[in-house]
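For reference, the chain that follows is the form predicted on its own, supplied as structure tokens.
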Amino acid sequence: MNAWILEKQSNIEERPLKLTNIPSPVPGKKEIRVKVLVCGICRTDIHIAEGDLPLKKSPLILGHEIVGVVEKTGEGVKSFRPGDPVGISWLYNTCGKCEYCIKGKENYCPDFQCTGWDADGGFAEYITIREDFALSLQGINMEPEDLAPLMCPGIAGYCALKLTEAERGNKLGLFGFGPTAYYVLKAANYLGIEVYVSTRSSSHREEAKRNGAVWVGNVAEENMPCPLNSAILFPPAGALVEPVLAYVEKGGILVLAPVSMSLIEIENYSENLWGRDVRTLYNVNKAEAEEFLKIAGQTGMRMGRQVFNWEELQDAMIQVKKGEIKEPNAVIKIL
């Protein structure tokens, strides 16, 4: 099969990925082989390619926003048949035996394996995965190019939303508004949660208004109009944590969505932190991914995406890094 492989990390402008032909993976017991149709580009792919995150295997096939169809099933597979549409997310595998896995919190499994980092991902014609971790896309009437971003910003956003414990009628604040926050907004609208959005970008403010935010502004210039039951902070800026907490009512929850964060300091514990919970988004789990995909299928969550051809992958990654793509998401069509 054709695949883009990473052997040595370097700046993406140096085009470290190599297009090559390698043997197609063979599905083992309870595994499926998926013919990849499209794969989204995530900034995490760039971080791995450039060495911001350590290389866990070499050569490596990046990509974890995967949409395809089952092409072959291994021994004992019961959930899928050839031709079934499937998605594959950041969650590739876990041990299945630890206390976290047993309780359905496999995102905390110490042996959590990431698609496109611990295991080969979707910048290839085929990928194998255990049937337990493939996501059925049956009944979702959306194009593969629209489904791909659901596999990362969509699922991650919904997992962050679940951590807030927001309920119908609650007030939820979103601080920062990129693709992940967009999916949080759409899911929250569906669940009857009022959403208040703060972002510096005028275009993002307009997008939030169009998609149902109750209030949109920039808290660097104006105050949030009311206290919040919960909030999600997206920028990896520790200096923003205390100002955001100041808007959250006692008994409320602040979720920090970034993978990494700069130094967090709380100067006024009694006023801004006491009585509030701070949680972090740590990987994703399958149950919440399936919940989100049901909502996405019912609401038709389509967000802007720019589609690139197979041979344009590295050009697309460079454009994503530089913020030059025209749409919020970049998707590669696989051969």
Ligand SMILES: NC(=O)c1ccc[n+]([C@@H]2O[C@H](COP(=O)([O-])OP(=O)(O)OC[C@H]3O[C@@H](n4cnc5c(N)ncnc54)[C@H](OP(=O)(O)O)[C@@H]3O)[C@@H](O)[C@H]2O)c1
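The first residue of the sequence shown is number 1, and the count goes up from there. Bear in mind the structure is a predicted one, so any value in this text is a computation, not a measurement.
Keep in mind that the form predicted together with this ligand is not shown, yet the notes after this line are about it.
Within this chain, Tyr247 is remote from the site of this ligand in the predicted complex, having no heavy atom within 4.5 Å. The closest non-hydrogen atom of Ala156 lies within 4.5 Å of this ligand in the predicted complex. In the predicted complex, Cys152 approaches this ligand with a heavy atom inside 4.5 Å.
Taking the partner from elsewhere, Leu281 is found to have a heavy atom lying within 4.5 Å of this ligand in the predicted complex. Partner proximity in the predicted complex, defined as non-hydrogen atoms within 4.5 angstroms of this ligand, places exactly one of 130-138, 173-181, 68-76, 207-215 at the interface: 173-181. Shown without its partner, this chain lists Met142, Cys95, Leu191, Ala237 as candidates; in the predicted complex, only Ala237 has a non-hydrogen atom within 4.5 angstroms of this ligand.
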